[in-house]
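Shown next as structure tokens: one chain only, the form predicted on its own.
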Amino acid sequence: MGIENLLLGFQVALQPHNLMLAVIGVALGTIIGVLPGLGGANGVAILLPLTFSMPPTSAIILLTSLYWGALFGGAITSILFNIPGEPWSVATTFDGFPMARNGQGGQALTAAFTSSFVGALFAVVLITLFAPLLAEVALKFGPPEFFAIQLLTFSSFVGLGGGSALKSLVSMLIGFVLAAVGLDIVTGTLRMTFGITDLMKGFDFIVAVIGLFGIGEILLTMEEGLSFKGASAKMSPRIVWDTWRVLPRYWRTFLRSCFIGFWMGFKPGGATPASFMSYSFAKRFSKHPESFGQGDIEGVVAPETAAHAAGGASILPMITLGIPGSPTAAVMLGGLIIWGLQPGPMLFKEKPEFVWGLIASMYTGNVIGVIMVLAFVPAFAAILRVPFAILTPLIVSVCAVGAYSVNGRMIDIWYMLVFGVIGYVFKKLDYPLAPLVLALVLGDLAENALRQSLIMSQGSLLIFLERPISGVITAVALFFFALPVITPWWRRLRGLPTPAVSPRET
């Protein structure tokens, strides 16, 4: 993988019409990312038929640029309105929305966009240097390793999340129950549908997130009395520069989140668990964990960096092994096959201009993306000046359209409202929503990996400890689960005071 290959890629990516496609893709992706319910995968799927007449390299540049734009756009509504545009933006709401309410929307957006760029750049550099080696590592992951990683994600929220471990477990349990509703794809039986046909498909994750965060926050705001005054929001372009001067302080968080995101992305794990896990680690290792959930900029840096590192890394198994690392990569894989390209190691030799053009476009697409979104930070922040009482009907309408667009069913709007009430009750009782959301999105994946592993071992749980990779990951996960019990005991043993529980967990 010489430098000449990358230069060949840049010769392709920097051609004027390919640069123009990258700009169009980023712009479309940003719009799609902002709208809850659509998502990058749906956006790529909608655009895919339009690329059939294009050369494959130009087509993949357009689609990947749309993917980067969706990743950037997902943070905008998460920070401004507490409505995650994408599943991986859920963790960004924990501190991004409080920052916006505190008049720091511009800083939160700048931190999110910059972190996204850093995470994506880290992933692309590693792909450039180590693509074949990393592909071999990804091949060693089977169902036991996948389940061990899901277990580690769950345990990081219980052991590293702070606050009440019991409340986190209760929230997670409710998420698992909701994730289990619908058709069991292994046995073909129905679970907890109570004879209601509409429940056969279960609850879509994005519908639940829109309700839990968007509608739940609106109900809470209505109870407190709708404000007819907008939040203060500085519109000066200097907010970008001022935020950049602060961000280098969090270099450890950047570095840790890059590695977590890349590791979760290059094997089929995904950006959503990466963002949650990175947030938990950032909170655990922060000098001020009590400020998380109240508007800490580090709580925006961690999930956004990890999500983009995972998003970039998910392209790697698609081109080297033909295994998509994310739903969006799966749609792109379909495009590769339609264009007559066979993903795999031979693709590097047979179509170098395509592979290296794609890798080079990941550099140019991210640079174009971060410049475009940063240029509009003052405009995005200015939305906060509009009184919330005026924005509320618009937000509810966007939520309803987003929920409906997921499956094109009216029942999803009712689900959204029910989840909104659940989100409101959780916030009033000070129960964390994050473990519920995490269990809801990963519940099916974890269950399938667990059952496949048990079939492989004929029912023995030792399979998770006997295999080297899954054994190490499972041991770390069990340690994290035990941390809430070990930590107080260790502090009493050393005569240290017991820390106060955070007033509200995320």
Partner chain sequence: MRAADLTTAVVLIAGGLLVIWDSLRIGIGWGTDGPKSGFFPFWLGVLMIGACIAIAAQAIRRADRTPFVRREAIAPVLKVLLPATAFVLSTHWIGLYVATTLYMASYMRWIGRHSWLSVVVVSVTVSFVTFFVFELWFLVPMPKGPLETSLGY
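Here the rigid core means the biggest group of C-alpha atoms that line up within 1.5 Å when the two forms are laid on top of each other. Residue numbers count along the first chain shown, from 1. Computed from a predicted structure; not experimentally measured.
Below, we refer to the form predicted in complex with the partner chain, which is not included among the displayed structures.
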{"item": "Interface residue in the predicted bound form among Ile371, Val170, Val125, Ile338, criterion: non-hydrogen atom within 4.5 angstroms of the partner chain", "value": "Val170"}
{"item": "Heavy atom within 4.5 Å of the partner chain in the predicted bound form - the one residue of Gly334, Pro352, Gly103, Pro393 that qualifies", "value": "Pro393"}
{"item": "Interface segment, criterion being heavy atoms within 4.5 Å of the partner chain in the predicted bound form, picked from 292-300, 275-283, 429-437, 93-101", "value": "429-437"}
{"item": "Contact label in the predicted bound form: Ala477 to the partner chain, heavy atom within 4.5 Å", "value": "no"}
{"item": "Contact label in the predicted bound form: Val246 to the partner chain, heavy atom within 4.5 Å", "value": "no"}
{"item": "Lys201: touches the partner chain in the predicted bound form, heavy atom cutoff 4.5 angstroms", "value": "no"}
{"item": "Heavy atom of Val34 within 4.5 Å of the partner chain in the predicted bound form", "value": "no"}
{"item": "In the predicted bound form, residues of 404-418 near the partner chain [heavy atom within 4.5 Å]", "value": "Tyr404, Ser405, Met410, Ile413, Trp414, Leu417"}
{"item": "Thr193 C-alpha shift between this form and the one not shown of 2 Å or more, rigid core reference", "value": "yes"}
{"item": "C-alpha of Ile359 off by 2 Å or more between this form and the one not shown on rigid core", "value": "no"}
{"item": "Shift of Val485 between this form and the one not shown at or above 2 Å (CA, core fit)", "value": "yes"}
